[in-house]
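Here we start with a single chain on its own, the form predicted alone, put down as structure tokens.
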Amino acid sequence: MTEKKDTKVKKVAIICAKASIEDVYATLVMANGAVMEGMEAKVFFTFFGLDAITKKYMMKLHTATVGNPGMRMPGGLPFPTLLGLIPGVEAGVSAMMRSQMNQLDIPPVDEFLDMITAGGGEIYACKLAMDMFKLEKKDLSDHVIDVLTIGEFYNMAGGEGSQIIFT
């Protein structure tokens, strides 16, 4: 009799490289879902994704209005991407998105990071991006465990039942 191999995901390593609300929240939702399912979750913020864990920007994220083919207006109509160039439109769309998230009781970034780390998830920042943007660890959320190279993060991400997700 052949032994059935366990193919269940046991660990996720999520890389967040963008700072739009929709990209950051996709990362946070997936990481939180993983810890809630009992999986090991490691999240690596790189390039503009660092804004999600930088104290100065983490609570001021915006929606990408220009060049976002999935953007919809109320009623489901496609959002004309050129409207995003008009002053104030991006801020208005971002405020509307935050309002809808509040109505759904979706926590702000800092609370989401609390939930992820309380569940055993780990938050990391990219050394290269930190150097490029001249940031120091003190500039980051207290949830950040360490600043790593991508190689160091990949070494932590391996193992049977592991998945790497890039958002």
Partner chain sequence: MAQKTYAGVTVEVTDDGYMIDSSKWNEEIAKEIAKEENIELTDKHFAVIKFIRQNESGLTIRKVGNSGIVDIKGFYALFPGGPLKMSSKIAGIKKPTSCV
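The model shown is predicted, which means the values in this text are computed figures rather than measured ones. Positions refer to the first chain, counted from 1.
Below, we refer to the form predicted together with the partner chain, which is not included among the displayed structures.
For the chain shown alone, M36 is a contact residue for the partner chain in the predicted complex, at least one non-hydrogen atom being within 4.5 angstroms. Interface membership of D105, defined by any non-hydrogen atom within 4.5 Å of the partner chain in the predicted complex, is confirmed. Although the partner is absent here, A118 lies within 4.5 Å of the partner chain in the predicted complex, judged by heavy atoms. Contact check for N32: a heavy atom falls within 4.5 Å of the partner chain in the predicted complex. Residue heavy atoms within 4.5 Å of the partner chain in the predicted complex occur in exactly one stretch of 138-146, 125-133, 97-105, 51-59, and that stretch is 97-105.
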